[in-house]
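Here you get one chain, nothing else, as structure tokens; it is the form predicted on its own.
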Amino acid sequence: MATIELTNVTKRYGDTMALSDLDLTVRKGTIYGFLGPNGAGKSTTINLLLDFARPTAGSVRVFGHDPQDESRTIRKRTGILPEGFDLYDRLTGRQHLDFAIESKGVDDDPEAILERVGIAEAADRKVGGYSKGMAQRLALGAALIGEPELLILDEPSTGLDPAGARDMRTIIREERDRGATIFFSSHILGQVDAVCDRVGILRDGALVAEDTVEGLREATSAKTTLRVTVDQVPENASEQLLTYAGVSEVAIEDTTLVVSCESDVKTTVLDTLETEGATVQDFTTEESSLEELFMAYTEGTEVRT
């Protein structure tokens, strides 16, 4: 079952094309990371889901409902952490949550929410004295009110220190495990790599890639770094390894060869060294990072199909 469905969605602002024939499906109970450079259309997509903007063409569905006709129904079932949210400096953290709980018509315990997001000790302090990270935790707590079926999180780790980011990832997983769908955008790629079931990459208003992180890695020309330690480096090892189409670079560090290659050539590299008389004592591989994959897709680096 899909929580979010966009079909052939186009959005124009005057002469500017923000989204172009976007098809996007987010399945119920998954964590979906939505990536893209500034101006790619991420915020526009979120605005369409919440009826803060309307498509020029195409269909938007959330829980099977059209946001244009049933935005209240959708928002009642959705928790939102927007980027650039505003808080009331004169209200305490508890008062913020009390207001949000009343607005949603639920009976959540504000103390429990504040404890969960790690700011229970600041419950009765005015928000004007909160740090940026504390304010971010409070806004996340507000998004969790009412056990929403969908969480829309726009840059949820903004302002968080490493411990706060770790807590945020834990909460996201817990929400997924209870059956919620999480849709979040982030420019901090490590956060996406750590928690997402699927990732979509947006470029110039179009979805240019969508898969698991591992699937994206396998589909690009991004390289694997293979470090091989041998008893002795065979003569002309570099020249011979570079004859293989999947090998782009070879460096020798004492008795270790550092080989940049495509994943399916790793075995060939090891076999060649042993055929040439070397004994492989150890080897490790370093897969391309999500940041490298992101650059491959958003800067037009070659992508295998």
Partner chain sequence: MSVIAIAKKDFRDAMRSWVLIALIVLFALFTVGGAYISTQIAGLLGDAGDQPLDILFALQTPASFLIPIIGLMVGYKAIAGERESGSLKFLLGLPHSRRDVVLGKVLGRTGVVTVAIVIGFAVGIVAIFGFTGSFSLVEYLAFTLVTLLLGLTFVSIAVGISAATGSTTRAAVGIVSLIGLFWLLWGFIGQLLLYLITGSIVPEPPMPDWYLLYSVIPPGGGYGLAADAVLPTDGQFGVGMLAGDDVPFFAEPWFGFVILAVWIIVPLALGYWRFSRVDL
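Just so it is clear, the structure is predicted and the values come from calculations on it, not from any experiment. Positions refer to the first chain, counted from 1.
From this point on, the text means the form predicted in complex with the partner chain, which you will not see here.
Of the candidate stretches 99-107, 227-235, 167-175, 199-207, only 99-107 has residues with heavy atoms within 4.5 Å of the partner chain in the predicted complex.
When contacts are judged by a 4.5 Å heavy atom cut-off, residue 95 counts as touching the partner chain in the predicted complex.
Contact between residue 76 and the partner chain in the predicted complex is found at the 4.5 Å heavy atom cutoff. Taking non-hydrogen atoms only, residue 214 never approaches the partner chain to within 4.5 angstroms in the predicted complex. In the predicted complex, at least one heavy atom of residue 83 sits within 4.5 Å of the partner chain.
Exactly one listed residue, out of 142, 151, 160, 119, brings a non-hydrogen atom to within 4.5 Å of the partner chain in the predicted complex: 142. Taking a 4.5 Å heavy atom cutoff to the partner chain in the predicted complex, the contacting residues in 51-68 are 51, 52, 53, 54.
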